[in-house]
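Here's a solo chain for you in structure tokens, the form predicted on its own.
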Amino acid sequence: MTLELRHVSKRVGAEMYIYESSLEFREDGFNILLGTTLAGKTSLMQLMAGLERPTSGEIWFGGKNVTGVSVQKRNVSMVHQQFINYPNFSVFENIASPLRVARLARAEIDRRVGEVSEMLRLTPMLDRRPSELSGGQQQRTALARALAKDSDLVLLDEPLANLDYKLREELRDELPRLFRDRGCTVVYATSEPTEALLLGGYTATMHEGRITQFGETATVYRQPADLLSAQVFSDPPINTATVTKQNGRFVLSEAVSWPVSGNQEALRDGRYAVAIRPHHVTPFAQEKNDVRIEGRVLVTELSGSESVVHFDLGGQTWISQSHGIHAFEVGASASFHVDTGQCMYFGDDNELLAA
């Protein structure tokens, strides 16, 4: 079923939580809300669920206007990042609770609980209480409850945020499979761009209560509509600077420039904002489109598989992200290489003009 927001907004007192937004979520894949904390993801989900009523606009689901219809009268499930389970209920009763409210027959309850418990590997734990479970098992229980209810709309509000890395990776791989072919619309909120890319589907980028772009996840990542959407969809933060197009070249500084190519040639001479993601700025030369820059190292973050270096470039902080361990001395000057073929160029209104 299609979930559609029509000119929806939410104001609380003088504060705007959600600016007027129109959006149509799809049933044939995950729908992702991507944005930092306080971007408005949870507020938007509460409107979708019927927990809050919009200040203006309408919410349509399955071809019906459900604006103002209470959550109790909607077939909707919501899973939060906190492990919300009934502490005095067994795992079985936690999963079965919405089915009992719906007055399903005992045999049907047993069938549904058994099916999702097997799917989420909870069968050996059905007699335990939530306090006897690990964090991952508690979140699996919450997910099982949502699956057993067989809701038309499933809202997942950063459900993996409080899990350790291994469990997060495991469940992230499982989630698309769990909801595939269930005939429901799934909306998944996350603050992690990598998670959005791994889940695929469709992504809406959000910033301070505004939806800046919506489309297929890979397209939104590769072709952001504007600089703000590119910034939302980049972790570490995307590098930006001002360049001047003149005489067939983009000029970053007296010492750094590179040739214009492809659709960039249609741009008029003048000033533009250039943006490039950190993994296209490396301490080693690129295969092509390589331009060397110099910066003063500010911070280094080294792990077993990659190096992240923050450095000053003409008064702006840039970030390099590369595979392997590369030693840098804080405060020293260092060379980095930019793959200019991955640069994006934005105009005065921050709209993407060329990439």
Partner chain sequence: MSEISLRELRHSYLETPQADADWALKKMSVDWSEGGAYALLGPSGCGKTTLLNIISGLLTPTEGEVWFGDKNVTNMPPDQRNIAQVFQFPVVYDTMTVYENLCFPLRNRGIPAAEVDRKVREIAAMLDLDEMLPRRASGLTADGKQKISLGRGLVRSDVNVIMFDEPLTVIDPHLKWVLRSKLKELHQRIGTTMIYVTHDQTEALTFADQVVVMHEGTVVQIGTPVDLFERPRHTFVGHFIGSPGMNVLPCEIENGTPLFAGQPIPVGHAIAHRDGAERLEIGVRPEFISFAAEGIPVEIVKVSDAGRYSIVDARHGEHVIKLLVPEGDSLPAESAHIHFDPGHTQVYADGWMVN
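These numbers were taken from a predicted model, which means no experiment stands behind them. Positions refer to the first chain, counted from 1.
Keep in mind that the form predicted in complex with the partner chain is missing from the display, and what follows is about it.
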Candidate spot R222, P236 and V330, all three in 4.5 Å heavy atom range of the partner chain in the model of the complex?
-> yes
Determine whether any heavy atom of A218 comes within 4.5 Å of a heavy atom of the partner chain in the model of the complex, and answer yes or no.
-> yes
Contact flag, E118 vs the partner chain in the model of the complex, heavy atom cut 4.5 Å | no
Any of the heavy atoms of I325 lying within 4.5 Å of the partner chain in the model of the complex?
-> yes
Even though the partner chain is not shown here, does G63 get within 4.5 Å of it in the model of the complex, heavy atoms only?
-> no
Tell me, out of E265, E108, D127, D173, which residue has a non-hydrogen atom within 4.5 angstroms of the partner chain in the model of the complex.
-> D173
Sort through K245, R210, R112, H280 and report the residue having a heavy atom within 4.5 Å of the partner chain in the model of the complex.
-> H280
Counting only heavy atoms and a 4.5 Å cutoff, which of 267-275, 160-168, 202-210, 245-253 contacts the partner chain in the model of the complex?
-> 160-168
Are there residues in 112-129 with a heavy atom within 4.5 Å of the partner chain in the model of the complex, and which are they, in order?
-> none
